[in-house]
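There is one chain below, alone, in structure tokens, taken in the form predicted on its own.
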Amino acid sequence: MKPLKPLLPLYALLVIGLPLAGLGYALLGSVGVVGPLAEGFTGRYWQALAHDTGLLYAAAFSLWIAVASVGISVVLALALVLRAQPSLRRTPLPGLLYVPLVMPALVMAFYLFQLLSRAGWLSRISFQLGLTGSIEAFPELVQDAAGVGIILAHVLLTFPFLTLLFQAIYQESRLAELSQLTSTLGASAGQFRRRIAAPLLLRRAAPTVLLSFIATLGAYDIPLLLGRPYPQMLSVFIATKLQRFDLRELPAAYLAGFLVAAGLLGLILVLLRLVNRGKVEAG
């Protein structure tokens, strides 16, 4: 292990130092200390935040997407693991669950755009079958106000992963044997799933589920392609502000980036506490 010690400072610099430096730069930029328009310390950008509804709408929309995506994924994964154990123990279902995991998020978004947009495959098929009067009559499933396409893309990426995770915990905890034991004691299969299996799986998988929530909350590729200009998710909202030609938008972008990064770091700290608590309980 000694040869690895010189790499630890480099690892700390890349993983901890650079993100913290970026966070510090964003904070200084939000108070006018650094950046192209730096004129000295000022709090006017923080004061203007109270009148800027764009960031609040982006935060609310991102929260909706993350809650809906992870919530649906958890429900589907639990239902499959608790009710379809025979299918999960034989081919081809376990192998098929790995297929979405090898697809980059942008590729998944592109396929869904080609499939679900009004000029996509399903729209043209429904028109040819007479289900819709025109291509434009097809329901708006991507770049819609509710974010249906974004949610579907995240579910297709998250649901297989959580299913594999729940299945691994199911087998490691020997829940199949525990199910037989509870049935001999008079408990029904539904009672076992609701009172024993589901709580155990959720408690053991809580850190990973929270990490999936954080990743969805900060996603960029999928909402960039499948989202609309308004409302936007947080990452797209911040990137749009940073890329505008109007340099006066930069301090507001720095402020939004700082607040979002600080919030995500707070969630990561909660995640670390959950992991440590799980280790203590396991020990």
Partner chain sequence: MRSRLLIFFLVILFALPFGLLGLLAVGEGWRFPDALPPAYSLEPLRGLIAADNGLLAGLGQSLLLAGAVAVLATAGGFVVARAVARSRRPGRWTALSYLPYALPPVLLAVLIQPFIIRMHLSGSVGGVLLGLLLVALPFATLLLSSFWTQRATEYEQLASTLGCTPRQALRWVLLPLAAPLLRTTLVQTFLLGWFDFGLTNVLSVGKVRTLTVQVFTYVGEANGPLAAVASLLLLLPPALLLLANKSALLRKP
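Because the structure is a prediction, the values reported are computed rather than measured. Residue numbers count along the first chain shown, from 1.
The discussion below concerns the form predicted in complex with the partner chain, not included here.
Under a 4.5 angstroms non-hydrogen atom cutoff, the partner chain in the predicted bound form has M103 among its neighbouring residues.
With a 4.5 Å cutoff on heavy atoms, S73 does not count as touching the partner chain in the predicted bound form; it lies far away. A residue is said to contact a partner when one of its heavy atoms sits within 4.5 Å of a partner heavy atom; G257 meets this definition for the partner chain in the predicted bound form. With a 4.5 Å cutoff on heavy atoms, I214 counts as touching the partner chain in the predicted bound form. This chain is displayed alone, yet in the predicted bound form one of L131, A176, L93, A189 has a heavy atom within 4.5 Å of the partner chain; that residue is L93. Listed residues A198, A206, L141, L115 were compared with the partner chain in the predicted bound form; L115 is the one with a heavy atom within 4.5 Å.
Taken together, the three residues T42, A59 and Y230 lack any non-hydrogen atom within 4.5 angstroms of the partner chain in the predicted bound form. The partner is not shown here, but in the predicted bound form the stretch 212 to 228 reaches within 4.5 angstroms of the partner chain through a heavy atom at I214, G218, Y220, D221, L224, L225.
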